[in-house]
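Just the one chain here, laid out as structure tokens, in the form predicted alone.
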Amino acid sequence: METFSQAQVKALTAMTAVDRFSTGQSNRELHRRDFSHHVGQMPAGIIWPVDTGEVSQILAWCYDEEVPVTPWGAGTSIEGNPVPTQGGLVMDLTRMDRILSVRPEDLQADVQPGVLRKSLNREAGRHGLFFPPDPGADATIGGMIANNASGVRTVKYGATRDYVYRLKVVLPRGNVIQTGSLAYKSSSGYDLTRLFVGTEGTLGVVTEATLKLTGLPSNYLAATVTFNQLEDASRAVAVLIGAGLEPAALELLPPQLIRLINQERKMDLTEAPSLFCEFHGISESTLSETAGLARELCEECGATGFKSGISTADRKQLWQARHEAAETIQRAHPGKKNMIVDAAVPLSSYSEMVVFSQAAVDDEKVSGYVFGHAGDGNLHVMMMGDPEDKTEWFKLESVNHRIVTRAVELGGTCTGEHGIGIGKRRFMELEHGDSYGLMKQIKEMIDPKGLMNPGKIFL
């Protein structure tokens, strides 16, 4: 569906203010793609609701009219998660951007889905608190809930689903439900809150969320560790975690990526297989002891260099460079599109997975960078190519398939944090077996017309 009738335009316009519904070409084009190579079908229109009542009214109308609805956050996802596959209506939630309350006595915040992660942390920071999940991009909270986003701090703090207490959700027919409670824990019935986290808008639209906050760390310590081989670096990951050092972040980077970072940011990082580490603690002396033990353990794994005590400014620059690694790679390959592997495996298999992935990239002779959130077994391989060059793009697809298949064989997953979207649908049955059929049944029960973010998660 790429166009609305005059009657449909009139109906949608009446549901919001005049400036919050558009059929303009530029607005529709802007909502056809995210950071990935996936390009969607042109939507018929874009609508910007501002509260639960409007979302309810819009979804009820869409259900009656059988209009597909694609929820949209900041558009920072990289698997085509918010890309409209059947046109219809894109529901842009960025104007639902109110922080409804921060309750420091409960370590909680109530927010609308369009609130940006950094905005929430600025407000929470005034109370000495923060919302830990950090996917790098300044994503909306709604998008993070939809994809169960995580990032560099997951190894210590967990993923988004670990921070969601309560949700207000509008279902496809327009009815509104509330899941969860404000209590720290509950054994009451099915955990519907966790059901909706990670469903990518395929079951409904989250319009409010109560989130858990935690205290800002008193002290930070960052360290960079270099090795001769990626295998040695990846092997050190399990050793550091197994020793009980509780790193807040533990990132693996290859020399090729560090070279790009040095060139773009004028940094002088050693261009060798590396771990970027961060530790949080109650005192500098405690962190100093932690760094000493970390050095010993890394050297036992073959580390050739260990630099800690990095200044606050350098630490921020280091993590900004890591957060923007994907953009750095993209800029180094102008005119190319990205395909990003996002597999995760048990820590015991991480070293094997790193070696396997690098070999797959080398075998196919593609432009690929093996890195990832090593502390939680999450491996990324960012490959660059031209989708119009069928031979080249087939090689990228082949590498992706080999790596994901191997990850699942090792008891892992096809996506550690990016979600399924369009790109990972073909791996769902491989990973979930009979459970995949149950997921389909849940989708069909809640959304029998298949109107909510169609073309995502399920083939």
Ligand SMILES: Cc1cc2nc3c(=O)[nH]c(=O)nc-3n(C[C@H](O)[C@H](O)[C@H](O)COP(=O)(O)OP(=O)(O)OC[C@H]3O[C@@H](n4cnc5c(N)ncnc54)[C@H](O)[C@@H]3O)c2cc1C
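Quick caveat: nothing in here was measured; it's all calculated off a predicted structure. Residue positions are given as counts along the sequence shown, with the first one as 1.
The same protein has a further form, the form predicted together with this ligand, not shown here; the description that follows concerns it.
Here the chain stands by itself, but in the predicted complex one stretch of 275-283, 322-330, 237-245, 214-222, 322-330, has heavy atoms within 4.5 Å of this ligand. A heavy atom within 4.5 Å of this ligand in the predicted complex is found for one listed residue only; from 75, 180, 254, 132, this is 75. 35 is the sole member of 393, 61, 35, 427 with a non-hydrogen atom within 4.5 Å of this ligand in the predicted complex. Not displayed here, this ligand is approached by residue 137 to within 4.5 Å at the level of heavy atoms in the predicted complex. Heavy atoms of residue 344 never reach within 4.5 Å of this ligand in the predicted complex, leaving it off the interface. By the criterion of a heavy atom within 4.5 Å, residue 298 is excluded from the residues contacting this ligand in the predicted complex. None of the heavy atoms of residue 123 is located within 4.5 Å of this ligand in the predicted complex. For a residue to qualify, one of its non-hydrogen atoms must sit within 4.5 Å of this ligand in the predicted complex; all three of 71, 82 and 150 qualify. For the partner-free chain shown, 200, 201, 204, 205, 206 of 180-215 come within 4.5 angstroms of this ligand in the predicted complex, judged by any non-hydrogen atom.
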